[in-house]
Structure formats: structure tokens, C-alpha cells
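Heads up, what comes next is one protein chain in two forms, each shown on its own as C-alpha cells, labelled structure 1 and structure 2.
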Structure 1
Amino acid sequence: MSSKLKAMLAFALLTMSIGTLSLAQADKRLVVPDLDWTGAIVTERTIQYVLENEMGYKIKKPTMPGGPGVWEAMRAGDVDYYSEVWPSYNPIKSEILEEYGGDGSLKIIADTGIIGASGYWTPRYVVEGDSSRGIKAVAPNLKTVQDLNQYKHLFKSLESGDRGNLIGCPTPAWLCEDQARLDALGVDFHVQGLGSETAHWAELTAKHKRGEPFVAYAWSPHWIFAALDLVEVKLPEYDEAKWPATNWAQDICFKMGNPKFIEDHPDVVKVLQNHRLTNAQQAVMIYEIDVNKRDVDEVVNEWMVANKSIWRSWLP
């Protein structure tokens, strides 16, 4: 064969393979957002690792805050799926999800394995003291929310006046009803919402660093429990009839997606259905990322390489 012919053949082969590749790529592209809490990103990355490395998907990962924005985007088909929905905090789920009485414009795919718990927390040094930092235990008997009243002077803030101050849910949109809860339980505290999660954690971190007492709303799994040593201030058990004068229900987190995506990508849906991550597994990665400030992809890749047996079972 002459060299010219060889070159032509090689060229033809190349164009053909590029052509088929790009054809294949067209329906191997997904858009999945990076939401604004690390847990969601970690959960998502473990799924993406499988889709990208084992199944040849290419995934675009725009950053956006969680909440209705994502739901609207998914409904419009801009986003394909969303891998960590916390049912308690999504007021518009009843408009969109069939399972919650909505119009079915989005569909639930499967659980994530993460079980969320919310509640009120205070630093351990408030209850037990911290001799290494020279902090005395100022509220040794603080166990339940009702105990807060006897210590309310400790938790005063500028805006709370004589009442204690509880750093509540950051935004009213989450329907936490902190003030209603405290009022119903007879706790003479003022609830301060800091407006955004960022502000919430920033305030807690700063107060903890300075060794000041505080009571604050928090949820797990979350890096804050790795960064700060907190103890729970117990609320009454969850009871739907008495809400909001009780603790939150457990949040069985789930994944949901756009119906068209579910129809078009059965293989991805299979992975989403098989995929499970426990709180403990997620927490290890969250700690590395948020407390040790390491790169997300680096941490997740490391975990995936070390836990091959776990994610092998996720494959379709």
C-alpha cells in the first residue's frame, strides 16, 4: 500500500471515529448543579465519578444555591437531576412532586442514604467547660430546650434585649418556625435569623473561636460538627400533631429528576437507584473538604479509589 493511501485511510478512520464519538457524546451529556452545601456536592460527586469514569458521561456542574431555583431549572429541563433533596426544607415540593400531591412535573428517583437530623446545639464548653482554653462551664444543667430559660442571661445579644438569643434557621423560606417553637415551649428567647447559611456558619465559627456561649440551629450530617465540639439541646420528639412545638422529623433525603431525563437515560437512573451513601461515609469527606479546606475532587477521588467495592455495586 502506498504511503499516500495509508495516510488517507488513517484520516478517514480518524474523522469517522471523531464523528461517532461526538454523536455518542451528544446524548452522554448531563447538567447537574453543585448546590451550596458540601454534603450535596459530595453525594453528587460520588455519583458523577461513576458516570464519568465508568460510563463515559460528560457532566456540566454549574454552581447554584439550593431551593426553588434548582426546582424551576429542573422543571424547565436546564438541569437533569438533583441528588440530595431535604424534604423538610422544600416548601414548594407539594406543587411539583406527585408523591407530595403536586403536578408531577418532577419525579422522585430514589433515596440517597443520607438521613438528616435537625436541632438546637450549644458548644460543649458551655455545658462542661474547657480547661485547656480556660473556659468554665457556665450552664452545667443545660440539657433540654426548657433548661434554656434559667440561663437566658448568658445568651443575651444586642437585639434580644433581656431575653436570650437563639441563632435560628438562616432564612424564613425554610419554614423552620423557630420563634413559634420556642414560644409554644415557653422558652423566653428571641430568634435571630442570619439570612444565609454562610452567615450562620461564619457567626458560629467566630463565636466558638472566641469561646462565647451560644445556642444555634444546626443539621447533620454537616462539617460544623467536625469543626466545633457541640452538644445537643434536646427538643421534644417529633410529633406531627404538635408541630412546631417539637423536633424536626428525620429527613430521609432523596434524589429527583426531570421526567424526560428519566425516560432518556435509564442507565443513569439505574445508577441513581443503586447509589447509597451513609452519613458516616459522607461525613469523612465533608471533614476533609470543609475543615481541612482540601479540594472537593481530590477528596472524593481518593475516597472512591479506596472504596471500589462500595461503588462497584452502583453500576447498572
Structure 2
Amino acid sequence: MSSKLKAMLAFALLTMSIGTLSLAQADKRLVVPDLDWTGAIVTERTIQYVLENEMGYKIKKPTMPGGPGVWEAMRAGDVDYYSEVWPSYNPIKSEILEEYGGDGSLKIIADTGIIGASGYWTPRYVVEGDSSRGIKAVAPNLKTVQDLNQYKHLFKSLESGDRGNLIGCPTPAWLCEDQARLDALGVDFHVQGLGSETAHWAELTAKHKRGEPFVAYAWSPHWIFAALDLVEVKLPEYDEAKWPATNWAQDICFKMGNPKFIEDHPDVVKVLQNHRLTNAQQAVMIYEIDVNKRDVDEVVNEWMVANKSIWRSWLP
């Protein structure tokens, strides 16, 4: 064989090897969004720790608001999966997910382990008073959302005028329908949206520290219930036919993905199927991040190192 032919063959083999390597590297790249609440980021980071450190994946993490936008991005193939879907916040599930009567353009992979609950809350001192702080009960009969009308003067704000003020869902993308809910229930309140989860909790904690009356949207699992003594202002029981004039359903959170991703990455899908995170496990990490202002990855890595016996069972 001539030296020229040998050189040509060697070059061809090298080109093929580089191409194969590039394909293999591409096959180990995923796009998974950071959603706009800390709990979802914590859940996803526990999965990404395994994918990146144990399985060699590289993950791009664009920041996106939860809601229909990220669903559409996943359906278009721009996002591969995400791991904490709260189904009651996603009305387009009936268009997309087969389990809810949709076209199957996205697929449910497995439960997350998180069981979510949403509703409206007020400080206990508003209803019962707090003698240690010299606060008298100003709304002793406040038990349900409909009871708010008799106390709306206590909850007025600059934005609400003569109406009461409810600190509602932090971002419109979550589709909480707070104003529609109050209007349907005949509650004469204005809904104030603060634009982000961080601003939402900062407003609640500041008002609580000052001993002011407020009523606000909140969800669990969350550190806020450890930090503040809150009581629920009850909504009518969930009724899909009447929603949003009812409470949210209890949310059995799940992971879902683009069908092509599911077909192409069975090893990742197996991790998603095996992975579970409880409310209590998540809440510990949320507290460290949101209250103690620690870095997300630092907190999650610390938890993963301390809980190797848990996450080793997630591996395929």
C-alpha cells in the first residue's frame, strides 16, 4: 500500500472518529430549564447532580417561567424535560398530555415525590391576636375567603383603593387566576402581584415583622410555614367544573418530557423514573437557599454528599 493511500485512510479514520466523538458528545447534552421557584430548581439540581457527576452529561439551564411557555418549548424540542410539574397550574395539559385527554405531544415520565398544596393564608395574630407582641385580634371570625368582605378595610393598600388587597400569585405565568377567583366568589378585593417569588416572600415577612394584617397566596412545601405562623383562609373545595371559583387541587407533581428525548435517552429516563424527593427533603434545602441566602448548587451538593444512600438508588 502506498504511503499516499495510507495517509488518506488514516485521515478518513480520524475524520470518522472525530465525527463519532462529536455525536457521542452531542448525545450527552441536554437542555433543562431553571424554573421560577426555588423548589423546582432544587428538585432538578438533585437530578442533574447524578447526570453530570455520575453519567457524564452536560446540561444547559436556561431560566424560564413555569407555565404554558415552557411546555411549548418542550413540545418544540427546545427543552428536553422538566421535573416538577404542578398539574393544577397548567390548563393546557388537556391539550398535550394523553392522560388528561390531550394529543400526547409531551409524555409524563414519573412522579416527582413532591405533593403540593396551594391556598390563601393570613397571620395567626390577625385572627387570634398575639399578647407577646401586644397585637389584638382584628378579624376573629375570619375563616373563609368569603369572610374577607367584612374585614376588607383591614387589608386596604394604595393599589386596592376602597377594596381589600390580596397578595396574589407572584407571576402571571403561573395562571393562578386569583382575581377571577375572588370576583367569582363575590370577594371585593384587588389582587396584587409582586413579580417574583423573592419579592413575594420579602413582602410577607416584612409585614409579619411589623405585625400588619395581610392575606396572601402561598404554597407548600415551603419554608414560609416554618418562619411565620400562618392560618389558612379557606377556599371552597376543589371542583374542576367550577374552577377557578374553588381551591386548587392537591398537586401530585410529576416529571415530563419531549417524546424524542424519551426515546433517545433511556438512561436519563431511568434516573427520572427512579428519582424521588419528599416535601421534607426539599423544604430543608429551600430554607437554606431562600432564608440563609446560600448558593443553590452549594446547598444541593451538600445534601447529595450527605445522602448518597438515597441517590445511589436513582442510578440506572
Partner chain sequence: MSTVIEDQRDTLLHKFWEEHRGLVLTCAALVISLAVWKIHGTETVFPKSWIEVFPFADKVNEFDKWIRPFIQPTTRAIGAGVTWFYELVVDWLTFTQWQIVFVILVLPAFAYGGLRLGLLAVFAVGSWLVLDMWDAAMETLSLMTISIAISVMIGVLIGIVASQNDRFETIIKPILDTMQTLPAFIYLIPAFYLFGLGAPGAILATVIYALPPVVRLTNLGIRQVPAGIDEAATSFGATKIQSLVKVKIPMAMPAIKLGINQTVMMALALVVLATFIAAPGLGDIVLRGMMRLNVGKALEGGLAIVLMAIVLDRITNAMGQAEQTSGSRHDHVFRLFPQGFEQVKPILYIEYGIDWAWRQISRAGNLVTLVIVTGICKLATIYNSEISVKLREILLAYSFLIASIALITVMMLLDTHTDIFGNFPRAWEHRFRTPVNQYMDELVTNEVFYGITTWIKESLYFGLINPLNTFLKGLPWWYTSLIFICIARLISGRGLAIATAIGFLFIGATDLWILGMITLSTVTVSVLICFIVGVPLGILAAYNRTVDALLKPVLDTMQTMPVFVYLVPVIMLFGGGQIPAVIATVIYALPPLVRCTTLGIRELPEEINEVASSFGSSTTQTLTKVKIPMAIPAIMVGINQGIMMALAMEVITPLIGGKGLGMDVFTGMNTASFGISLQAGIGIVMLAIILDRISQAWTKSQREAMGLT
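All residue numbers here refer to structure 1's sequence, counted from 1. In this text, the rigid core denotes the largest set of C-alpha atoms whose superposition between the two forms falls within 1.5 Å. It should be emphasised that the depicted structure is a prediction, and the values quoted were computed from it without experimental measurement.
Structures 1 and 2, same chain in two forms; the form predicted together with the partner chain is found in structure 1.
Between-form comparison between structures 1 and 2 gives a rotation of 21° for the smaller rigid part, taken against the larger part from C-alpha superpositions. Superposing the two forms on their core, we find that the Cα atom of residue 227 is displaced by 3.6 Å between structures 1 and 2. Core fit done between structures 1 and 2; CA of residue 160 shifted by 5.5 Å.
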